[in-house]
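In structure tokens, the next block holds one chain alone, the form predicted on its own.
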Amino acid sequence: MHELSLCRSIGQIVRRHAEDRRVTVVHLQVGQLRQVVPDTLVYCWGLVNEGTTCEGSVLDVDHVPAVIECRDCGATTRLVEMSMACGACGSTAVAVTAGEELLVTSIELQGV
């Protein structure tokens, strides 16, 4: 369950930036290719933040779909299945342009 270690790291980052102020919401982008289970991530968030300035805060997860760009024809394809082939021409000469994110985009603090 790598969600637990992810939450520990995210919590450390958030608390450092919050500077001892109470955190109410953490906005997070998680790419489809990160293989994170959202419900598990939210559950672990509550566990790792007990007794901290993040206790009781909400983890708002924005899922980013995986997108590839074909180097042969230039088409972009949103991945529905984990097939790394261009949806237009079938080429496997592709680059991932979205879906690998794991990013804290913002935090909301109490009284700010």
Partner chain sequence: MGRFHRHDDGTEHDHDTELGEHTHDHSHVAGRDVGDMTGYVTGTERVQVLEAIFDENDRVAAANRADFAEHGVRVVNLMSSPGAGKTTLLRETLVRLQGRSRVGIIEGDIETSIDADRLEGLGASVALVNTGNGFGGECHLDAPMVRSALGRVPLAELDVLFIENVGNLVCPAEFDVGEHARAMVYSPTEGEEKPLKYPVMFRTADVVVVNKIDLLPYLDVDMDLFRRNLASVNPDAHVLMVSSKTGEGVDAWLDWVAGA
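Being a predicted model, the structure only gives us computed values, none of them experimental. Positions refer to the first chain, counted from 1.
There is also a form predicted together with the partner chain; it is not shown, and the following applies to it.
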Contact label in the model of the complex: L47 to the partner chain, heavy atom within 4.5 Å: yes
Heavy atom of C89 within 4.5 Å of the partner chain in the model of the complex: no
Heavy atom of M82 within 4.5 Å of the partner chain in the model of the complex: yes
Residue contact check: E19 to the partner chain in the model of the complex, 4.5 Å heavy atom: yes
Neighbours of the partner chain in the model of the complex among 86-109 [non-hydrogen atom within 4.5 angstroms]: T92, V96, E100, L102, L103, V104, T105, S106, I107, E108, L109
